[in-house]
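Shown below, as structure tokens, is a lone chain in the form predicted alone; questions about how it binds or moves come after it.
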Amino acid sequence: MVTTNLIILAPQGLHARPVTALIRLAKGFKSNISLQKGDKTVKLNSMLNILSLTIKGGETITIIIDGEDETEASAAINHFFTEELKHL
């Protein structure tokens, strides 16, 4: 299991466009990928679940990845949040 804390660098936070890209990315891996904010955890397979967390810019979230390709998934998700999210 890989657990990573990330700060949302995009001032707009997670809205529909980046969430769609994130779900697409997560579906490319066999591992179970979840996102946690505070005490609420959701899987990265439902836009409504993710949007219900109302993640804003500057907030800290935790990504939890568990499965056979967790290392690769972790690297891809980290890259998404540190580089790609700024441009969506």
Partner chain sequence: MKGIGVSPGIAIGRAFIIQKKATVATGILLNGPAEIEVAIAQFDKAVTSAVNEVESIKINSPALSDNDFAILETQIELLSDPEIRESVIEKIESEHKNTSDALLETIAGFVQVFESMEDAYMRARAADVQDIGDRILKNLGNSGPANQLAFKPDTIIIAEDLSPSDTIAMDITKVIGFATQAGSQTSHAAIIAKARGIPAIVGCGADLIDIKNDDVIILDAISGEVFINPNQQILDEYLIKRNVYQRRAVELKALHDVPAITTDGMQITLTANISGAGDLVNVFDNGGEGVGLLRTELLYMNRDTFPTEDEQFEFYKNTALQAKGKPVIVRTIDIGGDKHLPYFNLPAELNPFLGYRAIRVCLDRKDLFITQLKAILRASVFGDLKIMFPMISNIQEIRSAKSILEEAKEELRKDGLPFKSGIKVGIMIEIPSAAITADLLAKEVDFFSIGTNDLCQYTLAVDRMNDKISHLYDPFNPAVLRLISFVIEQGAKQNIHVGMCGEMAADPLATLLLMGMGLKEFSMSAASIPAIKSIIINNSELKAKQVWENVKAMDSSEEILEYLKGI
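Since the structure is predicted, the reported quantities are computational estimates derived from the model, not experimental observations. Numbering follows the first chain given and starts at 1.
This next part talks about the form predicted in complex with its partner chain, which is not shown.
Enquirer: So, A76 and its partner chain: in the model of the complex, are they within 4.5 Å at any heavy atom pair?
Expert: No.
Enquirer: Would you check, heavy atoms only and a 4.5 Å threshold, whether M1 touches its partner chain in the model of the complex?
Expert: Taking the distances in the model of the complex, the answer for M1 is no, it never comes within 4.5 Å of its partner chain.
Enquirer: Even though its partner chain is not shown here, does T71 get within 4.5 Å of it in the model of the complex, heavy atoms only?
Expert: Contact check for T71: no, nothing within 4.5 Å of its partner chain in the model of the complex.
Enquirer: I'd like to check something about K30: if you look in the model of the complex, is any of its heavy atoms closer than or equal to 4.5 Å to a heavy atom of its partner chain?
Expert: Because no heavy atom of K30 falls inside 4.5 Å of its partner chain in the model of the complex, the answer is no.
Enquirer: Could you pull out the residues of 28-48 that have any heavy atom within 4.5 Å of its partner chain in the model of the complex?
Expert: N45, S46, M47, L48 sit within 4.5 Å of the partner.
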